[in-house]
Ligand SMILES: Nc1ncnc2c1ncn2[C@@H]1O[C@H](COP(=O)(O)OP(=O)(O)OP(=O)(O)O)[C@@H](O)[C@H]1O
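Quick heads-up: it's one chain on its own, the form predicted alone, in structure tokens.
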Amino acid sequence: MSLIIVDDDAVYSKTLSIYLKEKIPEILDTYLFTSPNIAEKFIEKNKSIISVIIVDYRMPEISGVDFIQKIQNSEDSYQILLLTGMIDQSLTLSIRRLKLFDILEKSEDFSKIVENIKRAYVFSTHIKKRKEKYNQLNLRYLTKKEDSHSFIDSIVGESQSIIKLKKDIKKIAQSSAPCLITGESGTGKELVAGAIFEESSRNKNKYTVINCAAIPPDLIESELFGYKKGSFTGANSDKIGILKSTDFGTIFLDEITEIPLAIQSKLLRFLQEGTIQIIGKNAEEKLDLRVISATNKDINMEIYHNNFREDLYYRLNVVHLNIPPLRERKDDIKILFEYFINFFSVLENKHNIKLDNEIYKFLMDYPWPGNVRELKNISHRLVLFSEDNKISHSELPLEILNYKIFDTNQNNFKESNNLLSKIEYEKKIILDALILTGGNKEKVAQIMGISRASVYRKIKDYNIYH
């Protein structure tokens, strides 16, 4: 597997890569990029072979934060670490919208940096190797034949919004009308679609899941509708489209707004008439299948910007379900967290894991921009790296540990109407962390994501006495 370093400082990157090859021999290839644009193109074409991506915070073409937003992936097929000279106010606010494995401070010794990179590599490799076992455990979500669990059972929560969502799923499942599911990324739209299918009378027939964003725009028509041999260059044999192969079943079109406008008209005709026209064939064919679609975008804005057909929206939106973000159903955070901890404990053969009670305070304070998916991924990491069957709050990711302190500080800034300099801001953060931890420098280092040596140096530099 491969590791990528994106940093305009070629000397630093080269030195780090040499050290990494020596200390982590399992890494087969290391690719160095001084240009984020070139790196982005390489990552897009080679996702399957990449384990770890290390990105510098400050680069001339684009900031590390903006670059990570472009390349971060929902499946966590690779882990991303951010390199920074110093954790400042701007970075503190920015990392809340990123999916990071960790933040690395350049002033740290290479040995410490490599230790964190190795953890990211181990986690990425582990996820890839354990995919098969993970899928086996998830079979209970795909069938009722061998297990009493179902899709709807796996929608975990006791909040009023989740109770209502489950009731609505059972009602909607009785119909064959098109259904549109909306909600932020990571809320569980695919799970809800699966539950609708499973509760419906079509559940003995085929269920097909299509991620519209994952199919290249120039291929999506032939993938959905199929083609006849000789209809275009390269069509060496007949191809049955996804819609036809799902006849009498249910198709779930995730990220529906990514379908090109030219293909939207053909999809609209299918929804209106129940017929499709295969490429290269004049006659239309009648199909009988239910269409469930989903998007995490504001579909009305997509219509306003002429990216999505309004008439297609009305056809897809006969029945509508909106899944609330995790920050609006905080009653479910503890239940979900314990559910995932138990699930991954089985997956990783770690039993009777004890949780630090302090952990819940941090989980409840955090706004969960990545929603349930983010909570699930963090739970997996905590279980994987747990020692002595214990998980402490100090093992939570930096963005969660820091959130309450930074959030409090931001409120203070607004109240005072004074803009603090970067130095004043960092000094205040350190002082608040010292107060919070009772002067424990080790805990301050964990909260801020820097080394203990850096904490002592900054205390000295800023003349902080506590």
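Everything quoted here is computed from the prediction, not taken from an experiment. All residue numbers refer to positions in the sequence shown, first residue = 1.
There is another form of this protein, the form predicted together with the ligand, and it is not shown here; the text below is about that form.
Problem set entry | Option touching the ligand, based on a heavy atom within 4.5 Å in the model of the complex, out of Ser200, Thr187, Ser124, Thr246 | Filtering the options by heavy-atom distance leaves Thr187.
For this session: Heavy atom within 4.5 Å of the ligand in the model of the complex: which of Tyr207, Phe340, Phe362, Tyr227 fits that? Just give me the one.
Result: None of the others qualify; the residue that does is Phe340.
Exercise. Is there any non-hydrogen atom of Ser154 lying within 4.5 Å of the ligand in the model of the complex?
Worked result: Judged by the heavy-atom cut-off of 4.5 Å, Ser154 is in contact with the ligand in the model of the complex.
Exercise. Is there a heavy atom of Leu191 no more than 4.5 Å from a heavy atom of the ligand in the model of the complex?
Worked result: Close contact exists here: in the model of the complex, Leu191 approaches the ligand to within 4.5 Å, heavy atoms only.
For this session: Considering only heavy atoms, tell me if Ser159 and the ligand come within 4.5 Å of each other in the model of the complex.
Result: Flag for Ser159 set to no.
Exercise. Should Ile391 be counted as a contact of the ligand in the model of the complex, where contact means heavy atoms within 4.5 Å?
Worked result: It does not: once the ligand is placed as it appears in the model of the complex, Ile391 has no heavy atom within 4.5 Å of it.
Exercise. Of these, 98-106, 114-122, 269-277, 370-378, which stretch puts a heavy atom within 4.5 angstroms of the ligand in the model of the complex?
Worked result: Partner-contacting stretch among the options: 370-378.
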